[in-house]
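Okay, so here's just one chain, in structure tokens, the form predicted on its own.
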Amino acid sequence: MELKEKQRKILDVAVELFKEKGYMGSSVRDLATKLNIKAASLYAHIRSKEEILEWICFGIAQEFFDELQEVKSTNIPPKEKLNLFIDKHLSVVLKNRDVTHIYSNEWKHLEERLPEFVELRKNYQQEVEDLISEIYKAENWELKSPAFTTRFILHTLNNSYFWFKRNIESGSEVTDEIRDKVLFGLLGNHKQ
């Protein structure tokens, strides 16, 4: 999805507003006020407030899918592939903290495209589950519940922005800490 310059500005301000007041607590009038324009002028650039939520949800979902496809296409040992997946997913989360927050908490307010978005989330979760199952099988690790393990990993990664201060200069510190906790917490005595 390619946004025009004005739409990008609207999106950036909307992200701040939705983070501050929540999607349901924000109005087009609030957005127009923050942009210092009349509410009616916004409709020259957007169809609705929901369209902005669509930009947010579908935009970051595409980033997650792009990174996942890159991981899946690599020809590296399974454990490294799991590390790479964690790194790639976290990099999207940490460079888009506010967008991730909105994506994780406000997607249920999509109306027109909600079924499409739910299907997209299910597809992503299934692709991650397939990747994790493949890795566990290749390493001969026991995986009792692939679906639960996948949901646990995704929930942990998607909500990691809560745990770390914004002033951390290097996202790699955050990524290393989470990777160790997720990976070695799951592998137990397999840590090498």
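Sequential numbering from 1, following the sequence displayed. For clarity, every value in this text was computed on a predicted model and none was experimentally measured.
Another form, the form predicted together with the DNA, is not on view; read the next lines as being about it.
You can rule out all but one of 150-158, 125-133, 43-51, 58-66: in the predicted bound form, only 43-51 has residues with a heavy atom within 4.5 Å of the DNA. At the 4.5 Å threshold, heavy atoms of residue 33 stay clear of the DNA in the predicted bound form, well away from it. Using a 4.5 Å cutoff between non-hydrogen atoms, residue 28 counts as a contact of the DNA in the predicted bound form. Under a 4.5 angstroms non-hydrogen atom cutoff, the DNA in the predicted bound form has residue 38 among its neighbouring residues.
Proximity of residue 6 to the DNA in the predicted bound form: non-hydrogen atoms within 4.5 Å are present.
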